[in-house]
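Below you will find one chain, with nothing else, as structure tokens; this is the form predicted on its own, and questions on how it binds or moves follow later.
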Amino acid sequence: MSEFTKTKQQQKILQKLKLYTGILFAVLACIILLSTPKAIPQQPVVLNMLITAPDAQPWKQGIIKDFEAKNPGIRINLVEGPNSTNLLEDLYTSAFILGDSPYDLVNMDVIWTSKFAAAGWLLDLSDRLTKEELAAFSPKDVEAGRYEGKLYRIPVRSDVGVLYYREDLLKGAGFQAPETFADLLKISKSLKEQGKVNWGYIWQGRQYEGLAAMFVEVLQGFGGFWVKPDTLEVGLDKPETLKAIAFLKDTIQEGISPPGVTTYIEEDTRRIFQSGQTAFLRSWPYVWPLANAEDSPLKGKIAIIPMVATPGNSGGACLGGWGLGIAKSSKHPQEAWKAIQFFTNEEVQRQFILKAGFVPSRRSLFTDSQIVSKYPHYPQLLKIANQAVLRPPIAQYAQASDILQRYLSAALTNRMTPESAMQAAANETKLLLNNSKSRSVLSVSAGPQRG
């Protein structure tokens, strides 16, 4: 074979080797590419929370928008529920009872914590905040988040019962702000006799939760109590309770409060007060901006104090407000806690209060210069918040409140005497608490059931 022929064969072999090598590298590259997991865009964690429809917009436009901008890996899905807090509680309860609640963050009214915690629906948050961090919040707001010594709810915004009065009318007639129930009656009678007002004092008397909230303030002012959570002692049949009822009945019988007051809820009383018909109103802080609006007859004419009391006792201001807990069933507890930390930090709360006008849960914000420039009554509101009184933080609160509402309404509308009504209320409440205590003891003594 000639050298030329050999050279051509070698070239062909080299070309084939190059071709096979190229194919081999291509196959190996494909194998490597196919075996390497593709980068899948990470989906954000979604935290679900149920909230009343009127509150949804301030949340969406304020703190949720800011939170999601700073935490792109987390989204907050607000589920808009009914306006009624009772119905909202029912929706949460139904979801938890079914055992597969869709909610991660639990937005709780101040009176739900004990029930939800006792049922085992909430995560214990006791080790999430130090004592110093908790001290930044109003003490009663923190207390309202505890059940049997453990913390389940972090306050986001507070609320507290307020006694409004016509500062212009009192000054014009030479009166100081009342300090006692006797003062309240005296000033009311005088202003009514002078034709300055149609009524002296209005309050919420319909049979609903607002009646219980109003009554704990008057009861506190007379030195009484409803239920002591530590001992479960019931005070509804005690003399102080009967004196508190007698005061409310006197306001009607003496024409200081209108006969229809036993059918009023918050908005009924606000409209009457804001129209200039009465000197005193027991209500909540939401009334202030409405009564001081540009088109309000009361703009610049009102002031606030805590509920009055009998000599030797301090007036009470019923605590309301909302806070956040984490559902025990949540698959994203760490992200939920991150959201709570954000929603309750000082700067975020400051902006939330300025935009939405809510009452702060952090004490420092009541006297914050930015907030006071917009809401000059907040320092006084802090003094009232310092006299906050809790509705009984017991797991059976809803049932206990229903008992009080029914019998208190019967006493105020003369369907029962105060004595018989409160004796019946006390007996039913004691039975409720004793039965609950018995069931708890039986469940503990029985121990875990073995299959």
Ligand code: GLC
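Note that this is a predicted model, so its numbers are computed, not measured. Heads up: residue numbers just count along the shown sequence, starting at 1.
What comes next is about the form predicted together with alpha-D-glucopyranose (GLC), which does not appear here.
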Checklist entry - At the 4.5 Å heavy atom threshold, is G210 in contact with alpha-D-glucopyranose (GLC) in the predicted bound form? => result yes
Checklist entry - Does G321 reach alpha-D-glucopyranose (GLC) in the predicted bound form if we count a contact as any heavy atom within 4.5 Å? => result yes
Checklist entry - in the predicted bound form, does N71 have a heavy atom within 4.5 Å of alpha-D-glucopyranose (GLC)? => result no
Checklist entry - So, in the predicted bound form, is L191 in contact with alpha-D-glucopyranose (GLC) at a 4.5 angstroms heavy atom limit? => result no
Checklist entry - Does alpha-D-glucopyranose (GLC) come within 4.5 Å of a heavy atom in each of D109, D159 and E266 in the predicted bound form? => result yes
Checklist entry - Out of Y103, Y375, W284, Y147, which one falls within 4.5 Å of alpha-D-glucopyranose (GLC) in the predicted bound form, going by heavy atoms? => result W284
Item to check | Residue (of T85, Q370, Q253, S296) lying close to alpha-D-glucopyranose (GLC) in the predicted bound form, criterion heavy atoms within 4.5 Å | outcome: T85
Checklist outcome for this item: Counting only non-hydrogen atoms, the one stretch of 191-199, 376-384, 256-264, 109-117 within 4.5 angstroms of alpha-D-glucopyranose (GLC) in the predicted bound form is 109-117
Next on the checklist: With the partner left out here, which residues of 371-396 have a non-hydrogen atom within 4.5 Å of alpha-D-glucopyranose (GLC) in the predicted bound form?
Outcome noted: R391
